[in-house]
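This document starts with one chain, in the form predicted alone, laid out as structure tokens.
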């Protein structure tokens, strides 16, 4: 598959392009960035033509698919432009500024029969896959409660688009919370049907929220909450996912990240009778560790390429990503 990239700096250069090039079935043919410096640096780094205009890129480049990694406010227009040139699109999360924009974009790709996928890579983390498999095998019984914490330190930075509502759509919820919502749906295998949130800007001075708590309920009645923050030091965050059922727990620590690592603790401990005295004892859980050889970015691109090669577009993951944006609209009160 021949790829071109719109938005060649940031995560594209740091993670996605290197992951793409590790797969012999993929070829990078061109890059584009609005910044001439970034375009030139990335193009020369990977030995491909570089552009500063997306129309020129698409009009002059023979590519099958476009990877788009730009500020959120650009997503819809650039994805629609790529679609007008008959390209399949892999779009970084979140889909668009609003659920309505996201839904209309997905509808356009459905109508055209072109593949659209969204860059939620954490479902490919080896320990998140392990958690999903354990739940499927009754490893903690019926799941009753889920909690996720995903934070980073993101202070005031002049010109940062994620700190401007018109450019990013929001703050910690749009950047971090969406990852948690999508991952919870994937692991539980069911949609979140209701979500509400408290959010605000407490530590920094930008206009979007630097912290939020989301409470949620899934289709089967699992209750949960998500903590997402821009104002907690990186070393103070466990970046964890916790799932509690009526027969035990699964706790993933350090797994909400860009690399496969961290640990998973699994405890299977069906109880039976009520213990009135509450003499609690703690059994030792089974411990699993991450797989540093597992590249989540490579795997999501490979899954996309395989779907395109099949000739049968699958919008399951894109549909979930759109649903997450619609939940975010509810949380923000849009």
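Values in this document were obtained by computation on a predicted structure and should not be read as measured data. Numbering follows the first chain given and starts at 1.
Not on display, but discussed next: the form predicted in complex with a small molecule.
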item: The single option of 38, 302, 308, 29 touching the small molecule in the predicted complex, heavy atom within 4.5 Å; value: 38
item: Proximity to the small molecule in the predicted complex, single hit among 100, 84, 258, 205 (heavy atom within 4.5 Å); value: 258
item: Site test, 75, 121 and 162 vs the small molecule in the predicted complex, non-hydrogen atom cutoff 4.5 Å; value: yes
item: Partner contact for residue 34 in the predicted complex: the small molecule, 4.5 angstroms, heavy atom; value: yes
item: 4.5 Å heavy atom contact, residue 50 and the small molecule in the predicted complex; value: no
item: In the predicted complex, residue 71 touching the small molecule (heavy atom, 4.5 Å); value: yes
item: Partner contact for residue 21 in the predicted complex: the small molecule, 4.5 angstroms, heavy atom; value: no
item: Stretch in contact in the predicted complex with the small molecule, which is absent here, among 228-236, 171-179, 242-250, 211-219 (heavy atoms within 4.5 Å); value: 171-179
